[in-house]
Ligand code: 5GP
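This document opens with one chain alone, in structure tokens, the form predicted alone.
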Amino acid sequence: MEALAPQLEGVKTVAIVGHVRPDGDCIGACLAVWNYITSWYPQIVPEVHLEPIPNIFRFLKGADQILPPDGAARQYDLCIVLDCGDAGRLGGGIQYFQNAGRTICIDHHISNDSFADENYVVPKAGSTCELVFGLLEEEKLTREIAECIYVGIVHDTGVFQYNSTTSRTMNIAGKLMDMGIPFTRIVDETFFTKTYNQNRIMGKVLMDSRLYLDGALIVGVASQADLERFEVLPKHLDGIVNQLRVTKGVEAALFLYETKPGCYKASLRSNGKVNVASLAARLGGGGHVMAAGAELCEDLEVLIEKICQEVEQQL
């Protein structure tokens, strides 16, 4: 797929969906496409269906128009899936995907199994928003679209520090900045700024973290009790695994938070030597070579030992 415009010919209704617990790249990509269609295709009705998004992204145009994926059997001419490598991760959005006349997936997860009718999957891309930029006509980029795309690029490249960042990534970011977007504020307020309680739970996880494999792997854990104690939700835990990753001497970082008794969401990050995408895939998850995740229900110590063994094999 070289452009999004031809895919919209003859279309009257579009569902735009992303993965469960949407992050900056997912939200940015979905709203960039929504703004593009809204701005240039008044004959098309686009609707974004996502789970509740973090408040830090609510400044993006169209964020107040996001609808909850209630699972209702609505029928759309076209369903555009963004930043999702597996139909099983669409949550309630799966209904719109299954009932749509045609489906498109735009994604950069290496684990993507090309589940849509048309798939534009580029694992080497730093973010899905980078791919969205390439599918839109530059002359039709509005400031609002630019803000959405910049948010996604910033979040999935870790503010341009991950090795998925390329010269193309930087060139795109430069073009977006030239459009007058508040790029400094976007980085500060959506990536670095944390609430007091977010800092407290991060401190608790860092204080209690443990090193394994002679310091090559660092593991941090947040229990349900921790989330309740510090009055935070899972969406407020962004940034913890990245802080674990930058520990000197570490090759991989694992952050586990308890979703229900005995079940954990695992976030994995690598500093280069460990392919966490393949590791996560063996655990039933997926993601990128440097950043991946999975959801598991198992005894905590058994789970950590299992991941230690996987990391050790790669080292």
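All residue numbers refer to positions in the sequence shown, first residue = 1. Just so you know, these numbers come straight off a predicted model, no measurement behind them.
Absent from the display: the form predicted together with the named molecule. The rest refers to it.
Note on the interface: of 260-268, 52-60, 39-47, 243-251, the segment with non-hydrogen atoms within 4.5 angstroms of the named molecule in the model of the complex is 260-268. Shown alone here, Glu298 lies farther than 4.5 Å from the named molecule in the model of the complex, counting heavy atoms only. Residue contact with the named molecule in the model of the complex: Asp86 places a heavy atom within 4.5 Å of it. Taking the partner from the other structure, the named molecule in the model of the complex has no heavy atom within 4.5 Å of any heavy atom of Ala15.
Of the heavy atoms in Ala294, some are within 4.5 Å of the named molecule in the model of the complex. Looking at 106-127, the one residue that comes within 4.5 Å of the named molecule in the model of the complex, counting any heavy atom, is His109.
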